[in-house]
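Below, in structure tokens: the form predicted alone, a single chain.
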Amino acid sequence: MMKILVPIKLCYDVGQMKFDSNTGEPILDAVPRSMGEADRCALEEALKIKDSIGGEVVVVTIGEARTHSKMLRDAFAMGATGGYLVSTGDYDKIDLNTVTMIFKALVEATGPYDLIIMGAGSTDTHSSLLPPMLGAKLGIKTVVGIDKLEYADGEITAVCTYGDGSYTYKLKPPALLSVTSEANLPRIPTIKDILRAKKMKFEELSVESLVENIGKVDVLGIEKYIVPRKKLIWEVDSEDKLAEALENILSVLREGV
């Protein structure tokens, strides 16, 4: 029976982020948080496989019940069959290498898994480093940045679009796969699914039970990126002036390259 693990992260909705007009820092308390877009697509791919051949889809996140339980129940409403919450109050400060080690320890403690399907990058930080790091730590076949994923006859077909073209990979489980937010359109749970999810339970584990040394980072500051505007204006009242203005625009663009 196919067993799939889907790590998910509670992300800030960057589209609704506002910044302090004086300091330029984001007002995070006012920003809603939910499962990342790519993570939702990863869960959808896992559920599509479960729907076609059966099996289990287990989600896991690092956080605390107060803030993360709703996201886990959202995953249950979509169709996940089980879930783990690795509990810690400082989840936003854990460094990437420690996150990798936590997931590796959880896989070893609760697996084996045929597939690990992840979002290619989180909606808020989007470093895209966790999937390849976890794949390397686990020592399993890894394909990252998948735009189209199919599973048939025990074989995975993954299509990735990079800067120089499109690549197709074929491989068999066990494997770790990361998908982009372009991979699919995640399903929307019904009211019945949401009510069913409220009765489901997730297993809570302490982060200390999985790793001994927890590496943390201190955020010194966050400021919005400001693109300075040149505010150049050329008045055009004739064809000669138009040609001159176009040449000026091209000259400014060349300077910025």
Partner chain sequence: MYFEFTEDEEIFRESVEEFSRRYIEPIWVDIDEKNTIPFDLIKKMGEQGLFAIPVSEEYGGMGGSFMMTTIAAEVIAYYDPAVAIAVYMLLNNGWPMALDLYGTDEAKGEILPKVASGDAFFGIASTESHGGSDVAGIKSFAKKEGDVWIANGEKVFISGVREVQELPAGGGWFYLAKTGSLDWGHRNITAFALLPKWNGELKNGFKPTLYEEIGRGGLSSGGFILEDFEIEDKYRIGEENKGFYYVLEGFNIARILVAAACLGSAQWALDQAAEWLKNRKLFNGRRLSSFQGIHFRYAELYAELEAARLFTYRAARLVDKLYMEKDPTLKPRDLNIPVALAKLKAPEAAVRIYEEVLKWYGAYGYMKESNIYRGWLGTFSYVIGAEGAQNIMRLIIARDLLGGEYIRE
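Owing to the predicted nature of the structure, the values given are computational and were not obtained by experimental measurement. Numbering follows the first chain given and starts at 1.
There is also a form predicted in complex with its partner chain; it is not shown, and the following applies to it.
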When the contact criterion is heavy atoms within 4.5 Å, does K148 count as touching its partner chain in the predicted bound form? no
Contact with its partner chain in the predicted bound form for K201, defined as at least one heavy atom pair within 4.5 Å: yes or no? no
Would P186 count as a contact of its partner chain in the predicted bound form, using a 4.5 angstroms cut-off between non-hydrogen atoms? yes
Would you classify S52 as touching its partner chain in the predicted bound form, given a 4.5 Å non-hydrogen atom cut-off? no
Within 186-204, which residues have a heavy atom closer than or equal to 4.5 Å from its partner chain in the predicted bound form? P186, I188, P189, T190, I191, K192, I194, L195, K198
